[in-house]
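Presented below, as structure tokens, is a lone chain in the form predicted on its own.
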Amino acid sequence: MSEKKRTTIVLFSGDYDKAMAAYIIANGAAAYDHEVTIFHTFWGLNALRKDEKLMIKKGFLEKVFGKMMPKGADKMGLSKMNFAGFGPKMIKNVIKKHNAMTLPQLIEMAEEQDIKLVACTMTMDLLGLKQEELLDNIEYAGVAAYLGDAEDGNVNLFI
């Protein structure tokens, strides 16, 4: 019997379409019985943000970053054709028309498939993000933990 294959993905981008691609690949790999990790760093952390407004004590710069970054996967912009926010509305309409899954649904599916969702703690510190602002049931780790997962990976992607 062969050892289970491993797929690791670094989600660096905060773009809706790139995050969708990462989650489509991750869910596909999990469906093929891969052990999957998505390591969210820098703007990729926006995919893990809760969309609700939380009252958390923060410093000035932390507040500025918090206001500039989208709250949750559904609020992320597109990498191309964002058109001041109109692009995401268009792509979501196309997704609905074709009965495809939205990014929040892909994230939910990833959780159901036991895909390991990891938030980069160093980036959280840099951007002033707190655990209370991110989805429940995710893991927190630094780059060393990601490298440990990636070292034995069969597929390693940077998106």
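Counting begins at 1, following the sequence as shown. Remember, predicted model here, so these are calculated numbers, not experimental data.
As for the form predicted together with a further copy of the same chain, it is not shown, yet the points below apply to it.
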Indicate whether a further copy of the same chain has at least one heavy atom within 4.5 Å of a heavy atom of His98 in the model of the complex.
yes
Please check if Ile56 has a heavy atom lying within 4.5 Å of any heavy atom of a further copy of the same chain in the model of the complex.
no
Spell out, yes or no, whether the shortest heavy atom distance between Ala29 and a further copy of the same chain in the model of the complex is within 4.5 Å.
yes
Using the partner position in the model of the complex, report whether Asp125 sits within 4.5 Å of a further copy of the same chain, counting heavy atoms only.
yes
Across 19-35, the residues having a non-hydrogen atom within 4.5 Å of a further copy of the same chain in the model of the complex turn out to be Met20, Ala21, Ile24, Ile25, Gly28, Ala29, Tyr32, His34
